[in-house]
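Have a look below at one chain only, the form predicted alone, in structure tokens format.
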């Protein structure tokens, strides 16, 4: 998905202006003008969400003459800063956080450190969320939060809020279920080792 080879084309005669395509676009590349969907090709990353959800099949995915790749370079960013941001988000920098596009935490962190301030910007720059468009919003929001950024949610279905992680489980809940075969503190300890392995790797250089 990081190589963009398809683009959506709207059949204006079929389009009913319902706006569903705009509400599901993870790159927020679609608007409805005069009751017709309009796609900003410079922001679109060809995920096909609009095509899949259009109720009247007014959007077709067309192969591009010149495919292009989206990626954010990490070699021009202080890797220690990348590591600190990832660790603050409870992520290992080399961890794949979007399996559909094999986007790693380090690339998203680099994009944030270079100025990206929203999930939509990160999607346009790195290609993240251009596969299933569901699960990878979580690490994106966690990285933004770790950077002290609270993005404004778009008026659609593109993303929901943060869901709790093992680090967020209240002590009372841990105490209640520890005797029933749950090992929250042990899980946290193991995950912390994974996350902080990146710090040790940087210190060893």
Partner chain sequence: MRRKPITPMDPRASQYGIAPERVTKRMAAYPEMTSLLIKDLFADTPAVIYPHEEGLTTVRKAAEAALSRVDMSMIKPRDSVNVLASHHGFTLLGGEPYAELLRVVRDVIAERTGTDNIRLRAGVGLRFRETEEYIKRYRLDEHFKGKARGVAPIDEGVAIQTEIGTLYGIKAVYDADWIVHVHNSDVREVHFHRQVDRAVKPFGMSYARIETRSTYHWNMGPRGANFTARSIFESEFVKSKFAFAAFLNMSPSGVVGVTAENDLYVLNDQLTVEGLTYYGKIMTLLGEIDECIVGLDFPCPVPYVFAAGVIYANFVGANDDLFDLDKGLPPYTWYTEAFYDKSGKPLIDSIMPVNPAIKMVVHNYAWGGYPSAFFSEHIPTIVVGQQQAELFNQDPQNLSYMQYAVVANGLDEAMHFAYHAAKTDKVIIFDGAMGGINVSHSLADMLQAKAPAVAKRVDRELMPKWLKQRGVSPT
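Positions refer to the first chain, counted from 1. Just so we're on the same page, rigid core means the largest C-alpha set that superposes within 1.5 Å between forms. Note that this is a predicted model, so its numbers are computed, not measured.
As for the form predicted together with its partner chain, it is not shown, yet the points below apply to it.
Heavy atoms of every residue among 131, 142 and 163 are located within 4.5 Å of its partner chain in the predicted bound form. Among residues of the shown chain, residue 124 is not one whose heavy atoms approach its partner chain to within 4.5 Å in the predicted bound form. Residue contact with its partner chain in the predicted bound form: residue 120 places no heavy atom within 4.5 Å of it.
Taking the partner from the other structure, its partner chain in the predicted bound form has no heavy atom within 4.5 Å of any heavy atom of residue 152. Taking the partner from the other structure, its partner chain in the predicted bound form has a heavy atom within 4.5 Å of a heavy atom of residue 95. Contacts to its partner chain in the predicted bound form (heavy atom within 4.5 Å) from stretch 32-48: 46, 47.
Relative to the superposed core, residue 14 shifts its CA atom by less than 2 Å between the shown form and the other one.
Once both forms are fitted on their rigid core, the CA atom of residue 24 lies less than 2 Å apart between the shown form and the other one.
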